[in-house]
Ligand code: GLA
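In structure tokens, the next block holds one chain alone, the form predicted on its own.
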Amino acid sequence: MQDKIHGKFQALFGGNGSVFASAGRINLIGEHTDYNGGYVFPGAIDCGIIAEIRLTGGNKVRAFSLDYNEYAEFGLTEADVPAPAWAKYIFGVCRETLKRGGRVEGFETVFAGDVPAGAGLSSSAALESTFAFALNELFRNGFDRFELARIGQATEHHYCGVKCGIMDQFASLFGQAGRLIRLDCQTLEYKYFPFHPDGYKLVLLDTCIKHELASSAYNRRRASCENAAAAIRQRHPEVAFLSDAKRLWLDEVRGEILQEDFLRAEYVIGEVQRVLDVCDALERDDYETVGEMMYQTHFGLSRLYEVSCEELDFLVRTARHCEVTGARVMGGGFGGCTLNLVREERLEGFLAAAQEQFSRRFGHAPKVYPVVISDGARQLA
């Protein structure tokens, strides 16, 4: 991919630029916990965005997306918003850098990525993080990686219309090969944990389905969690977020909240503990316990939080039947991917069974994406 980018860069602009990259991400466990003040547990993966960039001075950005085969040119003032959606991410990073007192001047760039689109692996965060990191290095602005993550998050909020949390950009910027990161979404404290599953593989199976319920359903579930936290807070004022609550405290208010709110909160409180259990298991190289926690998360997401769907549940049942170590829906739900932790000797049989049985049931095979935990934002050349 880097050679193709360089070839296009030479054809468009001549000469050479500096080369930067950042990564997509998975989240091993800790789903729908971010807005509840809990833990997430992501890692950067071995696919992402690569960009060749050269500073030109002035106030004009000239950018070419190899993936879209499209060129965009734009200025650096708030009135210069480019038309292509992909260019808004680069523009937003420039603007958010400038708002923080950083220096940004004109540059030319060609970029491409190999993050599968629509698979929930955060290709947009990889794009933001590549350019946030690159501009910070090239202009020597001195922002730390947390501030670069905030730049990416603010780009989503202000220029792309997505009110996302910070996990995706955090993982893309802080990722390290062979390590996952437990991030406390309240305090932003983080800790690395080893992830070297010898004898196991991580594989995503993409249903290629995205149900339309997602946006309104997400808002309802968030409201349910806030309702439950508010009820608990009446008895326990120290509960700022639902993740602060003990399971016993939820039982105390069961008769005061809707059953739907109770079930959502039950899932979240359990998920916060599962993240901690997985961290402990990884420090013992106990991947069987990691896998069982993944199944428990899927059960909670499917039955308590109700964000799974028929296709995802089918793939997780197939994984259980094939004695896969762990499987769950990854991401917001209502479609997308399952994340699977599979013993190497079972991988071939599982993938064959999943593709054949899913095709027979739903009319198309799931896409398969092997995953390796890798480095996040960095300079390549």
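Computed from a prediction, not measured in an experiment: that's the story for all the values here. Quick note: we count residues from 1 along the sequence shown, nothing fancier.
Only in words, not in the display: the form predicted together with the ligand, which the text now covers.
Engineer: Spell out, yes or no, whether the shortest heavy atom distance between Gly332 and the ligand in the predicted complex is within 4.5 Å.
Structural biologist: Looking in the predicted complex, residue contacts with the ligand include Gly332, since a heavy atom lies within 4.5 Å.
Engineer: In the predicted complex, is there a heavy atom of the ligand that lies within 4.5 Å of any heavy atom of Trp249, even though the partner is absent here?
Structural biologist: No, Trp249 sits far enough from the ligand in the predicted complex that none of its heavy atoms falls within 4.5 Å.
Engineer: In the predicted complex, does Met167 come within 4.5 Å of the ligand, counting heavy atoms only?
Structural biologist: Met167 belongs to the contact set for the ligand.
Engineer: Just checking whether Tyr68 would be counted as a contact of the ligand in the predicted complex - the rule being heavy atoms within 4.5 angstroms.
Structural biologist: Output for Tyr68 is no: heavy atoms all beyond 4.5 Å of the ligand.
Engineer: Which is the contacting stretch out of 159-167, 229-237, 292-300, 93-101, given heavy atoms within 4.5 Å of the ligand in the predicted complex?
Structural biologist: Heavy atoms within 4.5 Å of the ligand in the predicted complex occur in 159-167.
Engineer: Going by the ligand in the predicted complex, which residues of 19-47 come within 4.5 Å of it through any heavy atom?
Structural biologist: Contacts from 19-47: Arg25, Gly30, Glu31, His32, Asp34, Tyr35.
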